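Starting off, we have a lone chain in the form predicted on its own, written out as structure tokens.
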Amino acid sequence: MSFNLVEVNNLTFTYRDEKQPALEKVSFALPAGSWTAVVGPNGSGKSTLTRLLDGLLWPDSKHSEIKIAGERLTKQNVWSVRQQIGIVFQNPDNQFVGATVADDVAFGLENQNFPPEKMQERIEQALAAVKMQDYAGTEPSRLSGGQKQRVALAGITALRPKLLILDEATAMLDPQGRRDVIALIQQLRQDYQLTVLSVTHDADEAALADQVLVLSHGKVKATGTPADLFSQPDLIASLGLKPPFVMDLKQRLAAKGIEVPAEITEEQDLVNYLCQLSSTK
């Protein structure tokens, strides 16, 4: 039976000395186990949203509500609720505190008073899950950008959160590194039953989500599946986004009279379909 892991209702927040709210009456839900991408231009409120979800900021209105796993987030329970949330930021260097990779993964476990006799097992499991077990004794500064994000993910998965927030987590990676990290997150989501909220400017990353939340000037401008939203060129252009490669190519093919089935949303599936189509002619 499905349920909403996160429910946000009427969320409003204004920064000090600002007249316009950074977020205004934002409402949405994250079904348990789902992947939701948050897109929008700079200044639309995306990062503000992640800080509110983690209790780093507090809403303006008493009518605003954030519920995580059925529990309303308050100043009294913020520390316990945070234990259900893991965040990976754009620059992983800002998250490293340990002298070695293993030390860094251990840091969160130590903060939660994890039993020492079980800590090593949890560290080894987490590093194996992200394929970084051979780097346990390495200094984080010696790692590549993609490897650093893998270690950041290991530190989070070791804690077994329910919600994983990615705040532009792949923005500093090259295309291959971005694909590798996204594939890893998809695997971790399946293995650990994670619910994922991904803040991104990358339309191809957003296209992999189950649903997309579009923010503009602090308000929810649209929600829907990637196929629904990226089939609206005027909306995408107004946000300063480029459509995902696959959807852009499908639109170009349609203009040439070649209709590609709507369920094809990934590059390899499109390649296979076009190869089959070519072989029948």
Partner chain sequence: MSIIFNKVSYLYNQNTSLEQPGLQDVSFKLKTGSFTAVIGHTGSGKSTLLQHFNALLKPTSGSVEIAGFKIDAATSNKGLKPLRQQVGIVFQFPESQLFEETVEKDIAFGPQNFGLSEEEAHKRARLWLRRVGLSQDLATRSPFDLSGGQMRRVAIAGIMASEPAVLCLDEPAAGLDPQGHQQIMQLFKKYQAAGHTVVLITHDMDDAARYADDVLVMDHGQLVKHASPAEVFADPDWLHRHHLEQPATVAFSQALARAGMQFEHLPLTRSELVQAICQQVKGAGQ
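Quantities reported herein were computed from a predicted structural model and do not represent experimental measurements. By rigid core we mean the largest C-alpha set that fits within 1.5 Å across both forms. Residue numbers count along the first chain shown, from 1.
The discussion below concerns the form predicted in complex with the partner chain, not included here.
Asker: If you check in the model of the complex, do Asp174, Arg252 and Glu267 all have a non-hydrogen atom within 4.5 Å of the partner chain?
Answerer: Yes: each residue has a heavy atom within 4.5 Å of the partner.
Asker: With the cut-off set at 4.5 Å between non-hydrogen atoms, does Arg160 touch the partner chain in the model of the complex?
Answerer: Although the partner chain is absent here, Arg160 would stay clear of it in the model of the complex, with no heavy atoms inside 4.5 Å.
Asker: Wondering, does Lys256 line up within 4.5 Å of the partner chain in the model of the complex on heavy atoms?
Answerer: Heavy-atom contact with the partner chain at 4.5 Å: present for Lys256.
Asker: Is Arg189 one of the residues lying within 4.5 Å of the partner chain in the model of the complex, judged by heavy atom distances?
Answerer: Outside the cut-off, so no.
Asker: Report whether the minimum heavy atom distance between Val271 and the partner chain in the model of the complex is within 4.5 Å.
Answerer: Yes.
Asker: Tell me, which of Pro31, Gly224, Gly240, Pro233 has a heavy atom within 4.5 angstroms of the partner chain in the model of the complex?
Answerer: Only one option qualifies, and that one is Gly240.
Asker: Please pick out the stretch from 208-216, 240-248, 61-69, 23-31 that is in contact with the partner chain in the model of the complex, where contact means heavy atoms within 4.5 Å.
Answerer: The contacting stretch is 240-248.
Asker: Superposing on the rigid core, is the CA of Leu49 displaced by 2 Å or more between the shown form and the other one?
Answerer: No, the C-alpha position differs by under 2 Å between the shown form and the other one.
Asker: Honestly, after the rigid core fit, is Ala254 moving at least 2 Å at Cα between the shown form and the other one?
Answerer: After core superposition, the displacement of the Ala254 C-alpha between the shown form and the other one reaches the 2 Å mark, so yes.
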